[in-house]
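The form predicted on its own is given below as one chain in structure tokens.
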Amino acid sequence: MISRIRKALENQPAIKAWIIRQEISRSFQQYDLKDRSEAVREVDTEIYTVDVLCDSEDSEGKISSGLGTVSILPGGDIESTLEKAILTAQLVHNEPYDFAAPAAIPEIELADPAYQKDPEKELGRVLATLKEASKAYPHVRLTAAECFGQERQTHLVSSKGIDASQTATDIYLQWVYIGGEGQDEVETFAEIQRRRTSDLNLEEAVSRQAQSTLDLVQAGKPQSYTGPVVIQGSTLADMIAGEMLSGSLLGTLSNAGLKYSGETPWEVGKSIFRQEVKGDDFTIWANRKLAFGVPSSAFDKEGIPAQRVPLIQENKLVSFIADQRYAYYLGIKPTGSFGCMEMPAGNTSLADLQTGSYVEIAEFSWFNPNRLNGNFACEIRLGYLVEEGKRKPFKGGMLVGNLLDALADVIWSSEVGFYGNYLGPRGARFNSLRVTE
């Protein structure tokens, strides 16, 4: 099929450059309700995505470049589909650019051997482990669980001479606990996405979720508060790296496309903060080479090889994250897609971060700061007011502040953790944030 698409592309003189991506995936899904398996499903898919780049004249007679993207199923009508891609590309008038040239593709571990060996058996083992671990917490009831696994093979070829392949797996687990009785009953939902089952860390995840469920039953109302706020684990990872599908503030403001359009104020060599740094220095890498990272990839959709890009070094911007188009416009090296957030360990233990009086935020309903200025007012699903060593759970209220200002006044833990799209400190103490009722 690739050779047929390639031949059809080469027969189109209007096309300046092209990329073909073949994706073959095989997925398994098991859904359990209480103590029994309700459904097991297997799905195989194959799809071809084609990008075409065409040059044409804009309304002023200047040469411009446009991109058209189409998908083709096996046996689909290649010629008519490509005609639609060309038409789309010729209606777009961007400054001229070209696709990426070939470069060495690194080898990165992206596939779980245990899952590849027997997907259905491995998903069953994960769910059995979840059930067994949940038995240690009789105050919660496991009512439903679902585990989804996928192995995806990607083959990319381009008119520039790129020919690269990679295999990756994805594991997604979600489950529901119910705690309490009658009017005091609460329901909690947990989800974890990783590339391999061993990174699910089920015993730890079950313990945390079971305790959160019990604490929600007992949780009181929030109180107005301003002062130190401690955030840990996957909640901290979501705050820094963003949720898996939504991206992050740091990823947005370091995007070369926004630099080109003038929407980000960041400048290479200058501090990303608008105030003096009062806490630990901030250093971060955009790492698409991280083994088993969910956003990791040996090459991205343009065929740009994975890199570990120094993004921020001691509070100052080092690089912008650039695809081929905006790298060409700005005269910088293309980095390809962002990848994982990687941070160095801090110098303070978690135990030392959790001293004195403070608020701990265990879970947000959704942490969604403004993507351009970092302001946030996010609902608290579960938090704790800690005074004199006593932890009082509460639910509701909002955590209010600015993410960039918060990152300029934070202490990072010396312990590190991996959470799919984030490798860095397990905990952080933000020295001054506000909780509203």
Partner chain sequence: MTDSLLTPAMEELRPDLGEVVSLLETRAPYGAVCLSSREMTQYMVENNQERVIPGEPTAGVILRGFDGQTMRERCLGGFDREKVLREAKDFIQGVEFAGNGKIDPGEERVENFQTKMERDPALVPTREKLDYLREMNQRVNQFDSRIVNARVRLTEFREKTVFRNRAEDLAQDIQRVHMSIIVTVMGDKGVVYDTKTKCGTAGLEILTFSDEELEKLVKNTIKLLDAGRIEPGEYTVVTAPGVSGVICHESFGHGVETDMFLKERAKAVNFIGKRVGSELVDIYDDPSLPGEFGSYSFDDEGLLAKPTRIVSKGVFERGLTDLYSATALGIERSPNGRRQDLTRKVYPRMTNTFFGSGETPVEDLIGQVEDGIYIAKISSGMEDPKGWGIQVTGHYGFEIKGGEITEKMYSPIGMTGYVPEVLSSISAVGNDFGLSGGYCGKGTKELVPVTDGGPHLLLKARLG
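Values in this document were obtained by computation on a predicted structure and should not be read as measured data. Numbering follows the first chain given and starts at 1. Heads up, when I say rigid core I mean the largest set of C-alphas that superpose within 1.5 Å between the two forms.
What comes next is about the form predicted together with its partner chain, which does not appear here.
Engineer: With heavy atoms only and a cut-off of 4.5 Å, decide whether Thr436 touches its partner chain in the predicted bound form.
Structural biologist: Yes, Thr436 lies within 4.5 Å of its partner chain in the predicted bound form.
Engineer: With the partner left out here, check for me: in the predicted bound form, does some heavy atom of Arg288 sit within 4.5 Å of its partner chain?
Structural biologist: No, Arg288 sits far enough from its partner chain in the predicted bound form that none of its heavy atoms falls within 4.5 Å.
Engineer: So, in the predicted bound form, is Ile63 in contact with its partner chain at a 4.5 angstroms heavy atom limit?
Structural biologist: So Ile63 does not count as contacting its partner chain.
Engineer: Quick one: is Arg391 in contact with its partner chain in the predicted bound form, heavy atoms, 4.5 Å cut-off?
Structural biologist: No, Arg391 stays farther than 4.5 Å from its partner chain in the predicted bound form.
Engineer: Just give me the single entry in Glu263, Glu204, Asp352, Asp118 that has a non-hydrogen atom within 4.5 angstroms of its partner chain in the predicted bound form.
Structural biologist: Contact residue from the list: Glu263.
Engineer: Considering its partner chain in the predicted bound form, which of Ile162, Ala219, Leu258, Val318 comes within 4.5 Å of it through any heavy atom?
Structural biologist: Exactly one listed residue reaches within 4.5 Å, namely Leu258.
Engineer: Among 339 to 347, 120 to 128, 84 to 92, 154 to 162, mark the stretch whose residues have heavy atoms within 4.5 Å of its partner chain in the predicted bound form.
Structural biologist: After filtering at 4.5 Å, what remains is 84 to 92.
Engineer: I have Asp44, Val186 and Trp366 flagged as a candidate spot, so tell me whether each of them has a non-hydrogen atom within 4.5 Å of its partner chain in the predicted bound form.
Structural biologist: Every residue of the spot touches its partner chain in the predicted bound form.
Engineer: At 4.5 Å, heavy atom to heavy atom, what parts of 360 to 390 sit next to its partner chain in the predicted bound form? List them in sequence order, or say none.
Structural biologist: Heavy-atom contacts to its partner chain in the predicted bound form: Ser365, Trp366, Asn368, Asn370, Arg371, Leu372, Asn373, Asn375, Phe376, Ala377, Cys378, Glu379, Arg381.
Engineer: Please state whether Ala39 has a C-alpha shift of 2 Å or more between the shown form and the other one, with the rigid core used for the fit.
Structural biologist: Yes, shifts by 2 Å or more.
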